[in-house]
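The form predicted on its own is given below as one chain in structure tokens.
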């Protein structure tokens, strides 16, 4: 396939439509409204709101939860820093929860231990494409009257053991269209939820507080007589300009049309890696509960070779020399990043996450077909055998 195989849908058609319309809404509505409607349909949720990134979505959701100074938001410490920055944007404190040694995801038991009188929300992150234990997390939320924001930036159409789609279980789901994600628009984000009041608050927060915005509509110029009247008061609250652009919306719409095709490619990649590592002693796949589906943003495994004297980087270099794409490390723990650690922002000990962060190996899953996937499997197989693994 060509290098542009990921954009062989309606991307160019929709971009031209935006330009031909001079950035005015076409007969089918603005691109952002079209992608919102399609996204809501795909996830069987009534409301979806498009944003300029998967970070501004988190900020908007927490703001709609009325998170503010003095409040605490529990997040997994093993996660991208955006999950820690969003509470800080609201003046709140991120509280770091530990993760499971085998599934790499937020540990509900540790979440319970971190709940205080100041806790207002839990932010489970469906890391690497796998849905957290939402049954336990939602039980905690109900017990302590907490809001739940599901970060699904890496998890499109992942399923939990009950067959529920990640992002549709908590109060709000948040997704990303950043360039490495399942669906790619260069940047961009999406929020979806069941609650109309939340959806309207989220849209107004990201839409500069325009008074005429609603849960379903991002249109600003809906009435020319009002918009051209010097007495019309446009804004009924303070908000940020987090809106998705029309060009981004055009690409996001075309990508969302192909969501099942694009996600299935990653799922298939993950299945191949998982089968390969079934009997490995050096690499342990992210534990997947029976009945669950990991949508495999990347394929994550725990490198236990360090217990046998094999360094993480030694294994990575061997994998590359055997033809592999490379191996990505986990991010530094959020609480260890200088942006937060140097100012003493946030609290919570997470010993498992600290140990696990040094072992996580992330393998690429964005191949276009089985031929490209086999290159990665072959490189990994050779590398494992090179280090004496009896796979």
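Numbering follows the first chain given and starts at 1. Quantities reported herein were computed from a predicted structural model and do not represent experimental measurements.
One more form of this protein should be noted, the form predicted together with a small molecule, which is absent from this view; the next part is about it.
Interface residue among 364, 53, 357, 322 relative to the small molecule in the predicted bound form, by the heavy atom within 4.5 Å criterion: 53.
None of 204, 181, 266, 243 but one reaches within 4.5 angstroms of the small molecule in the predicted bound form through a heavy atom, and that residue is 181. Segments offered: 309 to 317, 205 to 213, 86 to 94, 146 to 154. Contacting the small molecule in the predicted bound form at heavy atom distances within 4.5 Å is 146 to 154. Every member of the trio 80, 176 and 188 reaches the small molecule in the predicted bound form with some non-hydrogen atom inside 4.5 Å. Taking the partner from elsewhere, residue 192 is found to have every heavy atom lying beyond 4.5 Å of the small molecule in the predicted bound form. Residue contact with the small molecule in the predicted bound form: residue 58 places a heavy atom within 4.5 Å of it. The closest non-hydrogen atom of residue 199 lies beyond 4.5 Å of the small molecule in the predicted bound form. When the small molecule is considered in the predicted bound form, residue 125 lines it closely, a heavy atom lying within 4.5 Å.
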